[in-house]
Every structure is written in structure tokens, then in C-alpha cells.
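The data below hold one chain only, encoded as C-alpha cells and taken in the form predicted on its own.
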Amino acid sequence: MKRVVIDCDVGVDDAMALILAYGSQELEIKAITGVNGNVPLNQVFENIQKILSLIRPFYPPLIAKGADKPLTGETLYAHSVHGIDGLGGADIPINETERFWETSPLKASELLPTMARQFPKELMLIATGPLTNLALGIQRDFEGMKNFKEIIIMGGAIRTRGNTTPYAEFNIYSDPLAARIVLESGIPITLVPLDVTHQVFLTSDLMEQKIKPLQNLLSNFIIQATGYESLSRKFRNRETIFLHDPLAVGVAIDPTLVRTENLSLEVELQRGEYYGRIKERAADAKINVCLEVDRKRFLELFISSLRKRT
């Protein structure tokens, strides 16, 4: 099994990413760290506990709080996409008498390099939120962070439009300085940008034919969190739901799901129209960038993770 740490800002698709990670037989989740992003940090940390209460992992992971604001700039939230609670209003009670996690006394920026040192070149880091925790970890203990075998990042828009501005994707736009620090760190990185995540999405047909018939806790959560309604066959007036963060986990599980190119990338830090954009540059190609995905095979993998629990 591949040992992994997941750094996230738990919104709806982060939650689905955690479900996929725990539904796989390939990943061993050692820790989950939270970062300010889709919702405020305290809500992120509560949502991590809610999703673990839903999944009920046999081996409780360490969980830790991270940064509550970006390195620079103003905080940006995505309540319009994920709801005020970050989970689309899905009802998940936390059982205080039975905890499926262990809370670390360390902040994420300290826990990440500490764990990487504990499992040198064995531990994979999957980042599905703004990269603030990773940047702080690099600033705090670069030699420790270099012990990660690989970092898989959901973020950026390389050859397609952004989803926060015409040029920038949410996770990178939320903390461009952190993104630049991480992408220029020299640590092996696979980037999973909108170019490829916009190729994988839930549709009404998938919901009706594959997910609703499961009738278990996980499928019911997907229905609630995405706001899917059979009558309108829509997700809160949306036709589809992109599986951004689950695809990052999918790449960790099976890298053959995607076609990649090695590119040299730079994050735009100057305020203005292009703030938060990731642009290609003519230099040594250091970042493994996912550009195409086997959509059918990935969706089968995602849906199979929902079947494993009743």
C-alpha cells in the first residue's frame, strides 16, 4: 500500500476525495491536515471529523489544523459552491464517544515535514486545497519536506480557463505566493489542473443509474452534499458536478489514469488581471502536469469506492 498524507480544505469535492482514498485498497492514509480555503479553518477541521465519522476508518489517522489565512492577500471562500458549512448542508453527526481520528498536537506546517522524515521517500502528499500549509512546511523545514516521495496537487489552469478568474483556479488564486514556493521547491510534483479535472464530472445519468441505487451512507451523502434532485435531474440548478479533488486521489491510486507532460511553470504574483495564473515558461521542465484522463475508468474507480460500505 502507498502511504499518504492528505492536506485539504474540506468542501464537497474534498469530502468525495477522502471517500475515494478510504475506499481504495492502494492507499494507507497516515494523516489529514486542514487548511483555510473553501470554508474557514475551524469549519474545515470540523468537516474532516464529520467525514471520518461517516467513513469510520479502521485505522484512525492523525488530524491537524494548519494555516487559517493565506501567506499574503485576503481570504477567499467558496460558500456559493460548497454551502456555508462546506458540505452542502449534508447531515453528518459527530459521535463524541467514538472518534475515528487522533488529534495531533502539532500544526500542519510542523506535522508534514515530521511525517516525511518518519517515512523518508515513502510518503506521498496529496494537496486538494490552497498550498499554504505546504509552503509553511517548506519554510520551516525544507530538508524534511524533501523527504516526501511525491506531492500531488489539485490546482491551476494551464491551457484552459480558470474557475475564479478567467486565468486562475481557486486553490492557486487563494494563495499564489504559497503556490510559487511549492512549485519551485524542487520536490517531485504532479499537478492535476482544471485542464483534466473538467473532464471528469457527475451527471444525472450517473446519479440515477450508478449512485442512487446503492442506497448506503456514502451514496446518500453524495446526494445530499451535491444537492441532487431526481425531479429536476440537477445539482442545485447545475447540470454537472466536477470531481476536481477526487481525481487527485485517483492519480495517487493509479497514475496510468492520466496522460502527463513535463512543463516549467510560474505563478503570477502581481496584482491585476493575471493574479494567480500559472503560466508555462521556457525553462527546464520540472512539473509533471496531467492533461488528459481516462474518464470512464476513473468514474468506475470513484463509484466502486462508494460500494464498499453499506
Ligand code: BDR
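The structure presented is a predicted model; accordingly, all values stated were derived computationally and were not measured. Numbering starts at 1 and runs along the sequence shown.
Quick note: we don't show the form predicted together with ligand BDR, though the next part is all about it.
- In the predicted complex, none of the heavy atoms of residue 33 sits within 4.5 Å of a heavy atom of ligand BDR.
- Interface membership of residue 277, defined by any non-hydrogen atom within 4.5 Å of ligand BDR in the predicted complex, is ruled out.
- Among residues of the shown chain, residue 114 is not one whose heavy atoms approach ligand BDR to within 4.5 Å in the predicted complex.
- Contact between residue 194 and ligand BDR in the predicted complex is found at the 4.5 Å heavy atom cutoff.
- Taken together, the three residues 132, 175 and 180 all stay farther than 4.5 Å from ligand BDR in the predicted complex, as judged by their closest heavy atom.
- Comparing 20 to 28, 296 to 304, 283 to 291, 7 to 15 against ligand BDR in the predicted complex, the single stretch with non-hydrogen atoms within 4.5 angstroms of it is 7 to 15.
- Of the residues in 168 to 189, those that come within 4.5 Å of ligand BDR in the predicted complex through at least one heavy atom are, in sequence order, 169, 170, 171.
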